[in-house]
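Single chain ahead, written as structure tokens, the form predicted alone.
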Amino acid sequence: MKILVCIKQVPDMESKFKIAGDATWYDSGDLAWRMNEYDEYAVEQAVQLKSQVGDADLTVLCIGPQRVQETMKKALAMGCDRGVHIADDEPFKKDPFEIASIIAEFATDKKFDMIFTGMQSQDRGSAQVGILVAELLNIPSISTVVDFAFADGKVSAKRELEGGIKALVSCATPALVTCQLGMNTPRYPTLPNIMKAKRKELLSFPAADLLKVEGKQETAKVYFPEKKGGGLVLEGAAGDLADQLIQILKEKTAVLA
């Protein structure tokens, strides 16, 4: 079995963010970087499947500048066999369709039986890339997966729906699933596996060689939400509160004008 897991390097969400000079993304200077949290669950599920099947080959793919290789080493230490770095110094300038097309172009002739991605990234949060990859490869996809099982070439998965409802879905491989938080418990790489990861194959390809499409959308501006004034808390008996509210509406709004 051939397995692909796609990850993204994102800033630590506790970082203090600043808007970049061109106002189309955040400033990447002075940020701590880590693996996208959703992708940690995808890597763990891919490693578990590899262990279950036994005869399996697991590749981890990441798009980004040189620094993403450090994040890829964590995936390698968790149990991936090799890394594929798609080199791109400004991946944030590409929309989800372009990112998905790069992944699909790489995967199209590799005959992967299973592809795992996180449900979404913590910085962009589009939740589109995984599904678009499946569409471009013309394979079935199951999104927002919270429970995964594989047997006899068939995937069975529970999807998280609105209101806490779960849906049981199944499909034959090849297939792609996007992983929700909490679907498993991502392992911590052990020191021996961290050392082994340094010797694993890590290939690099320019993103320009794999990008065959044009973007569908463009980011016009990134900005922090405007700060709004604080609310007014009224206290007292119900009758008094009603009188206060009516007076405020007359003075501050045109509702009772």
Partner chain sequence: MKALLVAEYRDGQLLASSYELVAFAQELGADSAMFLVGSDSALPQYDGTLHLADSGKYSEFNPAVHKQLLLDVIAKEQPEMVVFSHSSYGWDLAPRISLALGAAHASEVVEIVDGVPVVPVCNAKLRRQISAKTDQIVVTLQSGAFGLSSDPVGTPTVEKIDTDTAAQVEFGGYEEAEAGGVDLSKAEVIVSAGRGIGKPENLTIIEDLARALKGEYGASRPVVDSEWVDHSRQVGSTGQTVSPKLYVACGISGAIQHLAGMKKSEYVIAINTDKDAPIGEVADVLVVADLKEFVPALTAKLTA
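The term rigid core refers to the maximal set of C-alpha atoms that superpose within 1.5 Å between the two forms. Positions refer to the first chain, counted from 1. Just so we're clear, the structure is a prediction, and the values are computed from it rather than from any experiment.
Beyond the structure shown, there is the form predicted in complex with its partner chain, which is absent from this document and is the topic of what follows.
Site annotation in the predicted complex: the residue of E37, D209, D57, E70 reaching within 4.5 Å of its partner chain with a heavy atom is E37.
Residue contact check for K198: none of its heavy atoms lie within 4.5 Å of its partner chain in the predicted complex. Heavy atoms of S51 never reach within 4.5 Å of its partner chain in the predicted complex, leaving it off the interface.
Contact check for L202: no non-hydrogen atom falls within 4.5 Å of its partner chain in the predicted complex. Residue contact check for D22: none of its heavy atoms lie within 4.5 Å of its partner chain in the predicted complex. Along 174 to 192, these residues reach a heavy atom to within 4.5 Å of its partner chain in the predicted complex: Q180, L181, G182. After superposition on the rigid core, the Cα of G239 moves by 2 Å or more between this form and the one not shown.
Here A20 does not count as shifted, since its C-alpha moves by less than 2 Å between this form and the one not shown after the core is aligned.
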